[in-house]
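In the block that follows, a single chain appears as structure tokens, in the form predicted alone.
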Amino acid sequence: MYNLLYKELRLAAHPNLFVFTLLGALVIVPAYPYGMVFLFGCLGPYITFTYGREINDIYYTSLLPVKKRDVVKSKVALVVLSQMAQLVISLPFALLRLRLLPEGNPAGIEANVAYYGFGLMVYTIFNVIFLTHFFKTGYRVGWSFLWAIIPATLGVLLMEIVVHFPQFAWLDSVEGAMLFRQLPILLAGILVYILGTAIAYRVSTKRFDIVDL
């Protein structure tokens, strides 16, 4: 598995995947809708899968002495790795933002505990739909992306809009007590992401097993 993931990073990953992963740093930009970071985390894998289609990466990988399920596993691992790296990269910038721009984010949700919980849910929505649709054929990237990005975008819009309502103002806070109150959202996001990834992998494996390359 390590060798396949190494192959994904060296041969299959489009340079834009790394660029969009680094965009986790956008949480330090003032008055910016930080939900866009998660959409970039969806756009990077899409470009990489499109690139893979053009260079026949799925076909090439399937010719290697590996199981079909390992082909799926390596692709899922690449997506998860890029998204988790994006979150890790964003964390120091989110903390730095509290010192440099303590007045908050007028454009939408603050980069707080709830933000990361919601973000993991957005990733999950995209991954489950995109991966399971893609591995029906192994080459229809565009339609898979379209079906996945629409609900993911709606999730981001909901996250950005809801904090403007007074009763949900606590979701936009960076105060200690409010951050503690937001913890269930983060924990729910982690659980949803883990379960969603497992479901996406299992369904994608079953669908790809019957694909005639």
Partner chain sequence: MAVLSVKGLTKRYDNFTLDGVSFTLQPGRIMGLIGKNGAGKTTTLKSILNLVRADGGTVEMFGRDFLQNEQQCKQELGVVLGGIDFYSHKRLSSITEVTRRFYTNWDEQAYQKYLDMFELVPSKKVKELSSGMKVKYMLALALSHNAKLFILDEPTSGLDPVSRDDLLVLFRELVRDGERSILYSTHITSDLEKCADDITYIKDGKLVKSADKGTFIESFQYLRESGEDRPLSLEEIMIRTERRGYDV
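Positions refer to the first chain, counted from 1. Computed from a prediction, not measured in an experiment: that's the story for all the values here.
A second form of this protein, the form predicted together with the partner chain, is not displayed here; the remarks below concern that form.
Engineer: I'd like to know if Lys67 sits close to the partner chain in the predicted bound form, meaning any non-hydrogen atom pair within 4.5 angstroms.
Structural biologist: It does: once the partner chain is placed as it appears in the predicted bound form, Lys67 has a heavy atom within 4.5 Å of it.
Engineer: Flag Asp57 as yes or no: does it have a non-hydrogen atom within 4.5 angstroms of any non-hydrogen atom of the partner chain in the predicted bound form?
Structural biologist: Within the cut-off, so yes.
Engineer: Answer yes if any heavy atom of Ser173 is within 4.5 Å of a heavy atom of the partner chain in the predicted bound form; otherwise answer no.
Structural biologist: Ser173 lies outside the contact set for the partner chain.
Engineer: Heavy atoms within 4.5 Å of the partner chain in the predicted bound form: does Ala169 have any?
Structural biologist: Answer no; every heavy atom of Ala169 is more than 4.5 Å from the partner chain in the predicted bound form.
Engineer: The partner chain is absent from this chain, but in the predicted bound form, do Leu17, Leu23 and Gln83 each have a non-hydrogen atom within 4.5 Å of it?
Structural biologist: No, the candidate spot makes no contact with the partner chain.
Engineer: For the chain seen here without its partner, which of 160-168, 34-42, 57-65, 147-155 has a heavy atom within 4.5 Å of the partner chain in the predicted bound form?
Structural biologist: Among the candidates, contact is made by 57-65.
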